[in-house]
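Single chain ahead, by itself, as structure tokens, in the form predicted on its own.
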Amino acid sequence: MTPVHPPPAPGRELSNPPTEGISNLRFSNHSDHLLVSSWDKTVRLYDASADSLRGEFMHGGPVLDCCFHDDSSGFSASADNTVRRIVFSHGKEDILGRHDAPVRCIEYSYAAGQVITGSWDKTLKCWDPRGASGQEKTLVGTYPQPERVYSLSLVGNRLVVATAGRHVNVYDLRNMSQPEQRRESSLKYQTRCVICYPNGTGYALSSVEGRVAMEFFDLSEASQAKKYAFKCHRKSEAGRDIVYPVNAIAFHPVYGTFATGGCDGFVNVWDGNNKKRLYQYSKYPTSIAALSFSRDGRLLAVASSYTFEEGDKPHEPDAIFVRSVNEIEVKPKPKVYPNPPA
């Protein structure tokens, strides 16, 4: 009989998790530090390898996103309309500036040396964190968007902004006066997440209706012919398709494959070039709210946190799992060509 291998454990659960919904988590580009934002009005800094909580920073409202600047500081986006800079070692934070509505997403551009925020006030703002304190000194520009901003992603000087109403704007950070491209999502339903390919050629976009679209920046016919979309995070029950939102996408920094996390509690790993699923991890306790690979791709942080897609109901407590990534789970499999007939 062939031995039955139990599915791998979900990973090591971090102690001291947030007490309410996890909005995002991100690994540092320099270490195994993990920054986590939450609806419990905190940003937490963990050392994921050592399972230690290194810092906790209270905000005036739920924190909807966070990102690192470097290993000593980071930035956060809050539902109290503020954009904050957090200095980890001093345990202090200051307000970089404000929007007119909750700030949904935040990114730091190493290329431009700027913080970019997207808000439900239908604007994008760029900030220079090196400016003297005071909003008017740090604000570089405000750029109106067609709708509320839901997701942002950066690669090099390219910025992709996904909003309500299925709009997608592509900017060059060196000229923000207007979008380089104005697009519409190729998916029929609301956008949940957009993320640029690490090689800078395009972006992946997920929707609330169990689908991911793979898009390319180059508008030539040849490049546009490569774009496609696929179904995921769904199941059949009694002849009916049950479809789940795809909340998170994370690219593996070495292999360019990517993980998706859905409200079905599953994390899948995909090879986008060969249009194949490489792996499915065993089910997590509740919805996958966020995913992040460490800088070397050896660790995957998974936020198992109910995202209220079915309203307020009893649910599993929020948890952060850090799993060691096995190469077999993320490395593209070589294509097998049939032997030519003799």
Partner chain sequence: MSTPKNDPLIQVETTCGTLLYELQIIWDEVGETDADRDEMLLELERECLEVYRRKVDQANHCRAQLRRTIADSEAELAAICSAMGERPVHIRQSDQNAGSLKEELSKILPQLEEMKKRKIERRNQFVEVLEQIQKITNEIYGSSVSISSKTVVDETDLSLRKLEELHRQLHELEKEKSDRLKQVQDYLNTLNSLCSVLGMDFMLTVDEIHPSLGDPKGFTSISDDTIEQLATLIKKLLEVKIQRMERLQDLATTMLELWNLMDTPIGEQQMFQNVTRNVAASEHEIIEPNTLSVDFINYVEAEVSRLEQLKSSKMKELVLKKRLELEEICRKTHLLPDSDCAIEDAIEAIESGFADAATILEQIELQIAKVKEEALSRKEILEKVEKWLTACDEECWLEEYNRDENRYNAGKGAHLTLKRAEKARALVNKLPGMVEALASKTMAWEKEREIEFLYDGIRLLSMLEEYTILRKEKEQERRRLRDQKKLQGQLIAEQEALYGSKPSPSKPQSVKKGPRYSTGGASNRRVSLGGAMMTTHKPDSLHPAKATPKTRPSKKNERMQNDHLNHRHDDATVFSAIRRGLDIVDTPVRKHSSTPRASNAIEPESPLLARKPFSPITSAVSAKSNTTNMLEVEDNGEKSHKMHHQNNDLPYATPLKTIPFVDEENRTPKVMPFPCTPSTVSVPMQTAMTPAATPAPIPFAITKPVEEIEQSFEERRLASLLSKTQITTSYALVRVCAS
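The model shown is predicted, which means the values in this text are computed figures rather than measured ones. Residue numbers count along the first chain shown, from 1.
Just so it is clear, the following notes concern the form predicted together with its partner chain, a form of the same protein that is not shown.
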property	result
Distance check, Ser282 to its partner chain in the predicted complex, heavy atom within 4.5 Å	yes
Its partner chain contact in the predicted complex: Pro62, any heavy atom under 4.5 Å	yes
Contact test in the predicted complex: Asn247 vs its partner chain, heavy atoms, 4.5 Å	yes
is_contact(Arg192, its partner chain) in the predicted complex, heavy atom dist at most 4.5 Å	yes
Pro102, Gly131, Gly256, Gly265 - the one with a heavy atom within 4.5 Å of its partner chain in the predicted complex	Pro102
Of Phe217, Tyr197, Tyr143, Trp120, the one that lies within 4.5 Å of its partner chain in the predicted complex (heavy atoms)	Trp120
Candidate stretches 83 to 91, 69 to 77, 146 to 154, 170 to 178 - the one whose heavy atoms come within 4.5 Å of its partner chain in the predicted complex	146 to 154
Those residues of 182 to 203 which, in the predicted complex, come within 4.5 Å of its partner chain by heavy atom	Arg182, Glu184, Ser186, Lys188, Tyr189, Gln190, Arg192
